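Alright, here's a single protein chain in two forms, structure 1 and structure 2, each given by itself as structure tokens.
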Structure 1
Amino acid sequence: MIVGIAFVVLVLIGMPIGFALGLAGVLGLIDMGGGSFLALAPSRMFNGLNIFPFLAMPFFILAGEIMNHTGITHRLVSLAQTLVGHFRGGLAHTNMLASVFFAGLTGAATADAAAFGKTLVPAMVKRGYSRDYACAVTAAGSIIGPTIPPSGLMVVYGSLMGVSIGGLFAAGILPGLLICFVCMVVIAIGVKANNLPEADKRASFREFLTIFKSSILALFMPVIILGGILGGIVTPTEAASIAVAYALFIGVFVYRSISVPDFIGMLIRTARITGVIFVIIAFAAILGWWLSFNRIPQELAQAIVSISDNKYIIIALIIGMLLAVGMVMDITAILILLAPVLVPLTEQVGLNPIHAGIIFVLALNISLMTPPVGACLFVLSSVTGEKLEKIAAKLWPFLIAEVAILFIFAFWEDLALALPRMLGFA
């Protein structure tokens, strides 16, 4: 009880989630056996990080930083606009499709939200879209990034639970594309209600070819990453390092837009982002061990099973728990704490580990756009100056659509595992 109270209090007073997890875990160790148990803390932290696939995360982050700096964002947005700009509300559709193209570069929702918040949102406002609606579209599309691989959350899940990261990457492609399609349908349905601008003139084939040629080097990035991993040629960590080398080559020798000071700044930003994630993972390992030692995961699993032994009800309860906790807590910390608790429960009801993984990833990604602490909402609010509550008010149709997609993939195993089975991962 003291551990739970301490964690809640620390979070409420504004302590960063990683340190709150660590202090709560240390209190748990002291409560178990006084100061003698504190000797376990360093080894728990080290073991929590001593997982080779975690090396992929800083490489993917750095590759995204490099590609962002080269102006790739503008090229991909232009390509998306030539494809869907002729629909009414064309910039909203462009925003969504660009999120798909951008997904193969960063794999981080907050990075996509920040990039489009600085570029597409002002462009949409200039064309007559309301700022809150432009932010809502951007938030809804931002979760496509960590769903379509590469995805940092999938790397964490696969590393912790011993599940094929390549299989998770394959499983993320269909839901990511479906989220884009359904959100574009939501945009099309709401054109009159949101008073979206009229359509632009359709781009000519010559214009499309010109823009496609300028974007093709960026489009090769996900091909290199996914082709190598899904083809069994390289591991996710090797693919991430190759992505950095490719991005550097493009930035230095093709676009000639990266200087030594620029690259140093990218390394610093990558170190900061990676440090935040790894602090959470390391400190959560202490609390996770305390939870396991006290058999709290088993008790929680028994409590869920006592409600019902129906497979679909249990899946729905797990999704509800993930979405609820995701509204108030960092998703990486949630994954580290709850995956060891809930994944064995999914195995009891016969879920494939990759299927369970994509349910976790989708649910936690959706929580990035849910108030009160949705990270993408905070990023967009800070970048654009729009009030968070106004963005959230315009977001609900997209949120309902994405939750519906989550349940479709959770309950329809053949659809969720179609690509992993086709590629031999499941």
Structure 2
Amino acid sequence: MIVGIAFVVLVLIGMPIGFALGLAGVLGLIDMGGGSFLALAPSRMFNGLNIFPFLAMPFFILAGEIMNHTGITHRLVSLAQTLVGHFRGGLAHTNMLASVFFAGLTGAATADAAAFGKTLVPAMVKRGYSRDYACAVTAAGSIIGPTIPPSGLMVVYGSLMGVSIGGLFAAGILPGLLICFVCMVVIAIGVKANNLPEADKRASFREFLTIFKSSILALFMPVIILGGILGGIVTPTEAASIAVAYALFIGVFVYRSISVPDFIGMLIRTARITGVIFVIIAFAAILGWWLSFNRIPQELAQAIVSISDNKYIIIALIIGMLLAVGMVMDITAILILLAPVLVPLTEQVGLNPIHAGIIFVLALNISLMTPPVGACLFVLSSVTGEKLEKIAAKLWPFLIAEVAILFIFAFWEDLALALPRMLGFA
């Protein structure tokens, strides 16, 4: 109780979420009597990070850094524009579709939000979109990044829960594409309500080909990653190191745009972003231990089971809990704190582990853009200067659409497992 209150107060007075988790965890250990319990904190931090598959996170971030430096983001946006720019609200559609292309290069939603917040949002505002709407579209699209492989969150989930990461990667492709599709439908429906600008001229096939040619190497990255895994060359974790090698090859030999100081800068930025994520993982490991020792997760699980033993109701309860907690907690922390409790419940009701995994990943990704605590909203708000609650106000139609997709995949196993089965993972 005191730990929960401490966490909320610390967050409200502006303490970074990660540090608040750490301090709450330490307070928990003190509350248990200090002594040997306090000595646990460093050990839990170290062991919370001492997991080989976590390597995929820095590597995917580094690969994205390198790709971004080559100017590939702009090429991907142009490519999307030649395809959907001619609809009314063309730049909004472009934003969505570019997120799909960008998804193959990035393992984190915040990378998408930052890159597009910096480039596309100003372009949309200039073209006559309201800034809050432009931000909302970017936020809605940003979660496609960690849904379509590669995905840092899937790596964490897979390694903590012992689920095939390759299988999760395969399972993410379809929902990622569908999220893009429904969000484009939402954009189309809201054309009048949001007073979106008129259509641009349609790009010629020749223009499309030129741009396609210049971005094909970037589009090829997810193929390299999945190919490396399926071809038996690398493990899913090592695949991220192949992504780095591929991006470096393109950056140095094809686009010739990376110097040594550039590369050093990328290594530093990668480490910093990794540090921001890892400190949350390390501190959540302390708090998670405190919860387990006090048997709080078991009580939570029992509470859920006591409501119903129907498979669909339990799935819905799990999703509801993830989305609710996702409003006030960082998603990696949720994964570490709640997955060990909730995943066994999905086993109990006979859910395929990859299916359960994709439900978790989708729900948590959506939480990235639910206020008040949403990493993508934070990033967008800080990059564009738009107020968080104004973005949130324009976001809800997209949110509803994405939650609908989540429920479809949660309840329709054959759809959720179609691709993993095809590729031999399930």
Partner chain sequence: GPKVLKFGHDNKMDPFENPAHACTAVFANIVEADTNGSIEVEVYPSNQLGSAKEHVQLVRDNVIQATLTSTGAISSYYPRIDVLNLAFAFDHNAATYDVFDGPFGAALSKDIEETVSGVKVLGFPDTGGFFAVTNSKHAIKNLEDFKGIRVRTMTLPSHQKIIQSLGGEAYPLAWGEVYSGLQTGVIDGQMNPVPTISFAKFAEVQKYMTLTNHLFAPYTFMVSKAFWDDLTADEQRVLNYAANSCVVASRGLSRVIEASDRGLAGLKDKIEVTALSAESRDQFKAAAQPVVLKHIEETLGAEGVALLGIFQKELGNANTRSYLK
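For the two forms, the rigid core is made up of the largest set of C-alpha atoms that agree within 1.5 Å on superposition. Owing to the predicted nature of the structure, the values given are computational and were not obtained by experimental measurement. Structure 1's sequence is the ruler for residue numbers, which start at 1.
- Note that the form predicted on its own is the one shown as structure 1, not structure 2.
- Once both forms are fitted on their rigid core, the CA atom of M45 lies 2 Å or more apart between structures 1 and 2.
- Once both forms are fitted on their rigid core, the CA atom of G166 lies less than 2 Å apart between structures 1 and 2.
- Core-superposed comparison between structures 1 and 2: the Cα of P122 travels less than 2 Å.
- Structural comparison between structures 1 and 2 after rigid-core fitting shows the C-alpha of F19 displaced 4.3 Å.
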